[in-house]
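One chain comes next, on its own, written as structure tokens: the form predicted alone.
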Amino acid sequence: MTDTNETRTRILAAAARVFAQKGYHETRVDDIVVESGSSKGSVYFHFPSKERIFLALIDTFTDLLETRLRESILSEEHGLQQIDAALQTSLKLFQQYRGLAKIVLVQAVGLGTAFEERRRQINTRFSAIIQARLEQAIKDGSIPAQQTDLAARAWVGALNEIVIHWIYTGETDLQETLPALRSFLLRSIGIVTE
């Protein structure tokens, strides 16, 4: 990794900590400068505004989540197994990166058109991944035929709500929700579990 990439990564890591602690509105670029141990010029070289730093964090987390989901899906052969793997991977990643999850799912809400458009794009990306897995599950006979686009969006919404509740309350290990969440989501597509 070049020095420029290392600096950018250090700035993003510092920004994630500051945003997670202070929130978007209370964070100043100077806070990120201090936390990252960088100069103000270096921060502005990589990110011309606080908004761009925030969007870069959203993109970083989203790309990481998508990469891990695709890897977990490729490790399984059938659609329903792929769905299970993706759900487990999602919860593990949200648990591991709670601060980034908070930034993406909580702090980005209501920050204006640029952020809302980014959130819509992210939800569309993940709905498409789920929809493809549901369509594969229909093809291999694991689930009955259904409107996969609607089911995928409902799943994204349900997962968002579970994670957001966990972020706000911190009341339980996110992994502990997996059996009940899995059962609920599978029932929504016509699979009854014990």
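Since the structure is predicted, the reported quantities are computational estimates derived from the model, not experimental observations. Numbers follow the displayed sequence, beginning with 1.
Absent from the display: the form predicted in complex with a further copy of the same chain. The rest refers to it.
Participant: For the three residues Gly112, Glu116 and Asn123, verify that every one has a non-hydrogen atom within 4.5 Å of a further copy of the same chain in the model of the complex; reply yes or no.
Facilitator: Yes.
Participant: If the cut-off is 4.5 angstroms on heavy atoms, which of these, Ala154, Val29, Leu64, Ala128, is the one near a further copy of the same chain in the model of the complex?
Facilitator: So the residue touching a further copy of the same chain in the model of the complex, by this definition, is Ala154.
Participant: Which single stretch, out of 154-162, 55-63, 42-50, 29-37, brings residue heavy atoms within 4.5 Å of a further copy of the same chain in the model of the complex?
Facilitator: Selected range: 154-162.
Participant: So, in the model of the complex, is Thr89 in contact with a further copy of the same chain at a 4.5 angstroms heavy atom limit?
Facilitator: Flag for Thr89 set to no.
Participant: Is Ala132 one of the residues lying within 4.5 Å of a further copy of the same chain in the model of the complex, judged by heavy atom distances?
Facilitator: No, no contact at 4.5 Å.
Participant: In the model of the complex, is there a heavy atom of a further copy of the same chain that lies within 4.5 Å of any heavy atom of Gln81, even though the partner is absent here?
Facilitator: Because no heavy atom of Gln81 falls inside 4.5 Å of a further copy of the same chain in the model of the complex, the answer is no.
Participant: Although a further copy of the same chain is absent from this view, report whether Ile138 comes within 4.5 Å of it in the model of the complex, heavy atoms only.
Facilitator: Contact check for Ile138: no, nothing within 4.5 Å of a further copy of the same chain in the model of the complex.
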